[in-house]
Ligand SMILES: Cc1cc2nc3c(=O)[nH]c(=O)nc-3n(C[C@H](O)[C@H](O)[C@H](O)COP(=O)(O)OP(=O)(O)OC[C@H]3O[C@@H](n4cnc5c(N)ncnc54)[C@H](O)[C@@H]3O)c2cc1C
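A lone chain, given as structure tokens: the form predicted on its own.
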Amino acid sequence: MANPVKIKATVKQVVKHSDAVVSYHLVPQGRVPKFHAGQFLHLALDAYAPDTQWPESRVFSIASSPTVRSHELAVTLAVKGRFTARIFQTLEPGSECWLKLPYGEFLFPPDRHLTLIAGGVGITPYLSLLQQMLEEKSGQAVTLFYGVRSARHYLFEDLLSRCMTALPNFSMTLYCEDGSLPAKKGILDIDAIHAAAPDASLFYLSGPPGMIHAFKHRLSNLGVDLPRIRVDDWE
């Protein structure tokens, strides 16, 4: 695993998905170490120098493929507190920020069936994996269960559509709480997800803390060994 490094980055593009969810595409100004899909970075807004303390920062999943790290790093965030509100109000094309990466063990072995479960913005830890799979024309078996509150909360529809078309062993089941999408109406059903998964599948949980806690507990009660349950719990 690469040792974390600190690099300055420039904002290339800002994509506002809604009033509270935004993606930033960043151009690194230094060497970016190798990282794996599923890992995360620290993002700081204030200036940093090697002889000073690392400034206040927050952690975000790396949403871009590892293969493009030399010229792009992407993150997607939901505005939930003071610091994310500051990011939302401050960063625009041409802005600079500081990054520290990579971190995390939310990794995806290439030789196992993966059952990915995402609630809302919890889709973001899977974006790097899905983009890498598209690049590699991967035949790995991956099943995504994605739950959103409404049509306007459905993120990265284009990427997911491309995965459905181009990846032979990728499938997705979409849940929409208010029924405003052509999807299963209601919330994610962990019992149905477990029933649909092959016996040796690894289960990945990403979303609101309450969902993660409840789903992990339920999977354990259903007989899934804890090593087969992977949780994006860096928050």
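Throughout, we count residues from 1 along the sequence that is shown. Keep in mind it's a predicted model, so treat the numbers as computed, not measured.
Another form exists, predicted together with this ligand; not displayed. Remarks below refer to it.
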This ligand contact in the predicted complex: Leu77, any heavy atom under 4.5 Å: yes
Glu56 within 4.5 Å of this ligand in the predicted complex, heavy atoms: yes
Partner contact for Phe83 in the predicted complex: this ligand, 4.5 angstroms, heavy atom: yes
Touches this ligand in the predicted complex: Val121 (any heavy atom, 4.5 Å): yes
Partner-contacting position among Phe35, Phe170, Tyr204, Phe60 - heavy atom within 4.5 Å of this ligand in the predicted complex: Phe60
Which of 83 to 91, 161 to 169, 107 to 115, 135 to 143 sits within 4.5 Å of this ligand in the predicted complex, heavy atom basis: 83 to 91
Stretch 28 to 54: residues contacting this ligand in the predicted complex, 4.5 Å heavy atom cut-off: Phe40
